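Take a look at this single chain, the form predicted on its own, given in structure tokens.
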Amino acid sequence: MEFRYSMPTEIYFGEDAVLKNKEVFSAIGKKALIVTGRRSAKINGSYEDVRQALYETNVEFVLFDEVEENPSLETIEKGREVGKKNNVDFVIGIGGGSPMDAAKAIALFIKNPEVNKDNIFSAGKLDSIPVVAVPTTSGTGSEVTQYSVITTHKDRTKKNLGQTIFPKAAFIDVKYTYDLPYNITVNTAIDAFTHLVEGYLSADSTFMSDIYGEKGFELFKYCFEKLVAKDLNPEFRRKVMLASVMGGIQIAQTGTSLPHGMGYPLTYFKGLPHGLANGVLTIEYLKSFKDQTKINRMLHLLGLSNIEELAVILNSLIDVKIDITEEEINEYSKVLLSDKRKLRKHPEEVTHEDIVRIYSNSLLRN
């Protein structure tokens, strides 16, 4: 048995994690750039907790609250200028995947002033200034991964920067998720589930990564029941957040696979939320496997007998109606097939016809 495992992020999970462990901030730096979206971090209390922790530990900070959903490289450059102007020495990302991914990218751009939106994907391996992550949704797992997925309008897609930017610390407090609307809760939970699925079935999965996937599926047995019943009680919030963290730890080892790569054009061109873009493709992705051994193990852990039972659950949570043509599907499939890095994670040979079939069976209505 051989495997490689790395999880350098210190995880603080629990109620009031930020304030109970506030000394972590002052150990990392003296002045922070706080990166958030425009509203949610102020509403759910996460920004106030971080602000208070920084005040009590004498850490200065400046706020950059202009991160949009699926942040662009233009936003990253703007955040970098704010950070450089104010001489920050670390970055705190507060929010869902967009602010946390943006925080990682901004930290990288601050450390490397020669990098810009035009050369980042050919810049080679780079370091960043330290990053701290405070998630306020249960789905992305970005608080425990090295990935920073950013929208590149030049390439008309979302793309991982290709750098290793693990947060130094992650403060995970489920109280920030209590007031999330049902639709956002579903979208982000489906994202977490697809991380577990794709990481578990990845060609790079190992004994160690599978531990997190399998424990995550056990948690989702409960989470799916509550999502379907629309019973979003505190226990559900705790378990879905824990499953999200486990999914993040797993894909930090394995990466994601076909549904994520196929989902990016659905988000960029069709405006489909990231979690739904992955989720709507998942059932056909699972059916495409010739070897169903690990899929059957996954279904057992979910308390299900077959893929059709999982399809019933996902169909009750996901109602995707988008206008898409066979020509668009063919084009998206060609683009995916041209990127061998995205295909390498899939453990079986995949053809253009396979990708088209997954898209078509998932999205085209008779």
Ligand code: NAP
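This is a predicted model, so every value here is computed, not measured. Numbering starts at 1 and runs along the sequence shown.
Heads up, the form predicted in complex with the ligand isn't pictured, but that's what we're talking about next.
Q: Considering non-hydrogen atoms and a 4.5 Å limit, which listed residue (E309, D339, E331, E69) is close to the ligand in the predicted complex?
A: So the residue touching the ligand in the predicted complex, by this definition, is E69.
Q: Spell it out for me: taking the ligand in the predicted complex, does every residue among S40, G96 and T136 have a heavy atom no farther than 4.5 Å from it?
A: Yes.
Q: Within a 4.5 Å heavy atom cut-off, is I295 in contact with the ligand in the predicted complex?
A: I295 lies outside the contact set for the ligand.
Q: In the predicted complex, does T254 come within 4.5 Å of the ligand, counting heavy atoms only?
A: Taking the distances in the predicted complex, the answer for T254 is no, it never comes within 4.5 Å of the ligand.
Q: Using a 4.5 angstroms cut-off on non-hydrogen atoms, would R80 count as touching the ligand in the predicted complex?
A: No, R80 is distant from the partner.
Q: Is S142 a contact residue for the ligand in the predicted complex, using a 4.5 Å heavy atom cut-off?
A: The answer is yes: S142 has a heavy atom within 4.5 Å of the ligand.
Q: I need the one stretch from 32-40, 331-339, 47-55, 298-306 whose residues put non-hydrogen atoms within 4.5 angstroms of the ligand in the predicted complex.
A: Of the stretches listed, the one contacting the partner is 32-40.
Q: At a 4.5 angstroms cut-off on non-hydrogen atoms, which residues of 298-332 are near the ligand in the predicted complex? List them in order.
A: If the 4.5 Å heavy-atom criterion is applied to the ligand in the predicted complex, 298-332 yields nothing.
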